[in-house]
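Below, in structure tokens: the form predicted on its own, a single chain.
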């Protein structure tokens, strides 16, 4: 078993412990251990063999015994006992926003609700309230479900990417090349089915040959040029066969979006062409382009349009005028402005995070552990913050090839107060001010609090401004137009957080920031060395918002705060 599988078992065990009414500290202990395993760079089985499991952060004697049982036997008896005791329907219901363990049990036992879809249906038609369910809670749950949107029923982008890469790694061979398209290629934050264009290297090979390579799962439709298959995890893959002469047209068509494709076909028709997944054709049926996407766009008199921009939000008009921006890419990111360590809720030490940043090729890294009000995240008192500064100073003398900055993710409190006073903030190189809890449901009051934080001379940026959790928690309702105006007025940054369940700022607001001239800062919000790679998702959201290198603060070779 690998680290991810063992972590998954511990996470399920924690979830069922919570549903069983176990102590919250015990539940959280298993969740922390699972997170450590997911982010571990070492194979946990090797640690087990050498009797070093307790070196894993968060793994004490009891959890080490559970991991030992999982590796030794491939099962966890305590988990199986909980599975037998707690219906799977109750587990599913706890994935709905504001439905905790007690509410899930109540919905299942008293109201006969056995699935998310049934719950939403009963909330929408009012039948649940008529049965005696709390009207206030019903309104709150339904509002949250509507607020989180399609992410509630779809995979996160990172999940879709992982599913696609795992399958492709298993079936890639000399006969085929596979290209992931669809919403994954466009970098949407939530994705549905996985669209794959398959290039056959020889004319005699079809998708029937590809189907023979698939293991497990279920084939829904099978043919020489089309194949639909569902994996054991329930993810649907739609394969389409292409040949070299129309590979680009096929990629273009199946990347989408639907709205972009319609607008592009309309543009082609105005020029006297017909565009389909098989190429760009003249009226007499002669194919004039299709081998590559670049060829199709060029023949249509357009700049190449990057996949992330293909949402019909003005990209075709801009491409026809030659004014599309050169989007930022990974080579433009020289440092990470938002990183956590074991000083708060991270799983790796400062030194390990520095070494991870060096492996990323960064020239600087900013540590922004949580401030004191975030007790659940081991937020730091002023005294601990001073001690952390001493350790950072020690690391600076040891690692001369990377600039190490001392910052903090400081909570925005009621009325816009900050979790540290100005004297403390002045000692820091960088300050991320974040809303983690809604101290009021009043949108105006929340907005004013964020604006007041931006007006503080020591604050550099607002962290994950909407505080959304994709599929779990809607945006906080802060008026981002006013926040953008305040950031511009005070010459502050806005953060694009790369945590896959955040991807916050949303890309539509990244575009507004770019238009308004507000500089962005991309961050991983990493809590481990492995999560430093989440910078990729911040970059994807920035690209979807039309951001170029000049729009991004950390495209500079040297660290720059908003104060400099």
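Positions refer to the first chain, counted from 1. Bear in mind the structure is a predicted one, so any value in this text is a computation, not a measurement.
Note that the form predicted together with a small molecule isn't included here; everything after this is about it.
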item	value
Answer range among 113-121, 86-94, 387-395, 188-196 for contact with the small molecule, defined in the predicted bound form as heavy atoms within 4.5 Å	188-196
Selected contact from 299, 274, 488, 154, since only one has a non-hydrogen atom within 4.5 angstroms of the small molecule in the predicted bound form	154
Contact residue in the predicted bound form, chosen from 356, 407, 279, 182 - any heavy atom within 4.5 Å of the small molecule	182
Residue 262 within 4.5 Å of the small molecule in the predicted bound form, heavy atoms	yes
Heavy atom of residue 231 within 4.5 Å of the small molecule in the predicted bound form	no
Partner contact for residue 253 in the predicted bound form: the small molecule, 4.5 angstroms, heavy atom	yes
Close approach of residue 257 to the small molecule in the predicted bound form, 4.5 Å, heavy atom	yes
